[in-house]
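Encoded as structure tokens, the following chain is the form predicted alone, with no partner shown.
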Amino acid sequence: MKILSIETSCDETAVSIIEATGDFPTAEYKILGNALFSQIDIHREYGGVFPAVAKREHAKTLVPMMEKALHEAGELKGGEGEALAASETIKTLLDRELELFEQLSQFVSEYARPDIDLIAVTAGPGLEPTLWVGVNFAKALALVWNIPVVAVNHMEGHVLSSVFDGSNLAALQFPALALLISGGHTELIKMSGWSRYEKIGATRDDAVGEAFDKVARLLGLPYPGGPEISHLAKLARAANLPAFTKLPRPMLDSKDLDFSFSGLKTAVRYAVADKGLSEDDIKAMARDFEDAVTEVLLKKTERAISEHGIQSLILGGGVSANSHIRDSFTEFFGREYPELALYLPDPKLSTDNSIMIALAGHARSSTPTAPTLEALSLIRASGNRSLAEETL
């Protein structure tokens, strides 16, 4: 099975062509083509992702990314194409994305239908305007090429990319636990089996990635703030700088598995308010904040492992690229739980990408309840639904 996957949940426009040989979850995967356009430089001047701009950039770059991925996969075939412009249905689908409609019309008139068996597209969670660009693009492709399409939960993609070694998924021991940490999510997901998820903990306010970005702004650091905080914290540890302040560990000893990072961000604000910060002060503050976050994530995860008899631990999401968090999880669980299998994503696959969407698409296509093309029109691309809450 060849899968064309589309990711537009936030500020990455990504399209991949993946070949799956065999059934999920024991299939062998081959990455045939992979194209990604990051909007980070565009949004840096806003200090964060500006949804209307992100939507516009997705509409501009989806066709070029698809063309690049198909070319790498050897599926960009000249010949008799399709008359897209005559389709009123597709015109209606893309009526708010005139440039996308025109690019797609030109593309399908120049190239023949590729050898693709399935289209997988992120349907949520994410920014609603950007999600709908990708969903409607997938629906248009499905109509013009007569290819089935499956809606994918973005967070399931993060889970699967963390256990993907480039060709196969790991043979997980269940129950497994996924700690998903990103700009929009911080949640603990218990897996009783493949595609069987239960949310057992989540943030009550800010996601951990959101907290990183907000603290970075308080320290005068550029967007995206997470990598900046990580870099400066590393310098502070190397120089053995003294603590700038004592920060709280929110909900560290609560009876549940939930998180809260809003108060930690507020504590940083009060600590730096009306102070002239030196370079060393900023480095020390970055380290103090990163240490507080890491301690909370470790303790909550350890409690979940103990309470639920977890056999495999998965760390996923964009913040899982943070080197201190990765190293801390590897060292702590390797020492305290040597029998526990720990899975970390390749850093290149920790942030948003379409390879993970192809993996999740293959999983969904193996499920009888996977949505059809018609069902996509009923999916509300909510910006805050978790993996466990999403009904696809």
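Residue positions are given as counts along the sequence shown, with the first one as 1. The structure presented is a predicted model; accordingly, all values stated were derived computationally and were not measured.
There is another form of this protein, the form predicted in complex with a small molecule, and it is not shown here; the text below is about that form.
Among residues of the shown chain, E156 is not one whose heavy atoms approach the small molecule to within 4.5 Å in the model of the complex. Interface residue remark: P175 is not counted as part of the site for the small molecule in the model of the complex, having no heavy atom within 4.5 Å.
Residue contact with the small molecule in the model of the complex: G318 places a heavy atom within 4.5 Å of it.
A residue is said to contact a partner when one of its heavy atoms sits within 4.5 Å of a partner heavy atom; G226 meets this definition for the small molecule in the model of the complex. Screening S105, S162, S182, N136 for any heavy atom within 4.5 Å of the small molecule in the model of the complex leaves a single hit, S182. For the options D288, D281, D213, E97, the residue carrying a heavy atom within 4.5 angstroms of the small molecule in the model of the complex is D213. The stretch from 144-152, 112-120, 298-306, 183-191 that comes within 4.5 Å of the small molecule in the model of the complex, counting heavy atoms only, is 183-191.
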